[in-house]
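The chain below stands alone, shown as structure tokens; this is the form predicted on its own.
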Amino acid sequence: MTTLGYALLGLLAREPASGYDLKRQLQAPIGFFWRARHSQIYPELARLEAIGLVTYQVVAQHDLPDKKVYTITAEGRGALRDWVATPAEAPVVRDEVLLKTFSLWLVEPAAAVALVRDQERRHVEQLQVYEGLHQQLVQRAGAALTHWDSPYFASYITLQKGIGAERQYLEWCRWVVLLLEQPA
């Protein structure tokens, strides 16, 4: 089973969805921490359907092609539950900025500051997105936000990890700029 398959099952465990809806949800919120290509989604849904982890219903649409709305099966929910309870591999970090900072000593301080400031700007923007999502989630979920068996709880703790990561990255950027701007 692929990680994409589990990601799709995780989305379908929350609610039935069309392939298009799943594509959108894989961009945000899932895309904030895990990426999948659009071209992978439909073949993976077909594979999940073939092994009995999802089913679909064809829904007729006016002026549009019919669409398939997928639903997770009991077997799919069990497979997802088993996967969630299994220890995960250590994540592979592929951060081009960190790779560049490893050789930062080769460029002038002004160029280094520009690189780090650009990252700072990007992380400020992402933090603002996450904080906006946090406000929406708090308003929508109410008390369910802290119930461990609620999808809102899972979204909340995932979002908190993202907020913390963005804040830490910003702190690091600001620290690096302070060091670069100190007289030699």
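Everything numeric here is computed off the predicted structure, so don't read it as measured data. When you see a residue number, it is the position in the sequence shown, counting from 1.
Just so it is clear, the following notes concern the form predicted in complex with another copy of the chain, a form of the same protein that is not shown.
Engineer: Are 1, 73 and 128 jointly within 4.5 Å of another copy of the chain in the model of the complex, each by at least one heavy atom?
Structural biologist: So, no: the whole triplet misses another copy of the chain.
Engineer: Would you mind picking the one in 150, 136, 27, 55 that has a heavy atom within 4.5 Å of another copy of the chain in the model of the complex?
Structural biologist: The option sitting close enough to the partner is 150.
Engineer: Check whether residue 20 has any heavy atom within 4.5 Å of a heavy atom of another copy of the chain in the model of the complex, and answer yes or no.
Structural biologist: Taking the distances in the model of the complex, the answer for residue 20 is no, it never comes within 4.5 Å of another copy of the chain.
Engineer: Does any part of residue 68 reach within 4.5 Å of another copy of the chain in the model of the complex? Heavy atoms only, please.
Structural biologist: Looking in the model of the complex, residue contacts with another copy of the chain do not include residue 68, since no heavy atom lies within 4.5 Å.
Engineer: Is there a non-hydrogen atom of residue 14 within 4.5 angstroms of a non-hydrogen atom of another copy of the chain in the model of the complex?
Structural biologist: Contact with another copy of the chain, yes.
Engineer: May I ask you to state whether residue 118 is within 4.5 Å of another copy of the chain in the model of the complex, using heavy atom distances?
Structural biologist: Yes - in the model of the complex, heavy atoms of residue 118 and another copy of the chain come within 4.5 Å of each other.
Engineer: Could you list which residues of 101-116 come within 4.5 Å of another copy of the chain in the model of the complex, counting heavy atoms only?
Structural biologist: 101, 102, 103, 104, 105, 106, 107, 108, 109, 115 sit within 4.5 Å of the partner.
Engineer: Just to spell it out: taking the C-alpha atom of residue 153 and the C-alpha atom of residue 29, is that distance smaller or larger in the model of the complex than in the structure shown here, given it changes by 3 Å or more?
Structural biologist: Farther is correct, given that in the model of the complex the C-alpha spacing of residue 153 to residue 29 is increased by at least 3 Å.
Engineer: Looking in the model of the complex, decide if the C-alpha atoms of residue 73 and residue 28 are closer or farther than in the form shown; they differ by 3 Å or more.
Structural biologist: Between the C-alphas of residue 28 and residue 73, the gap widens in the model of the complex (3 Å or more compared with this form).
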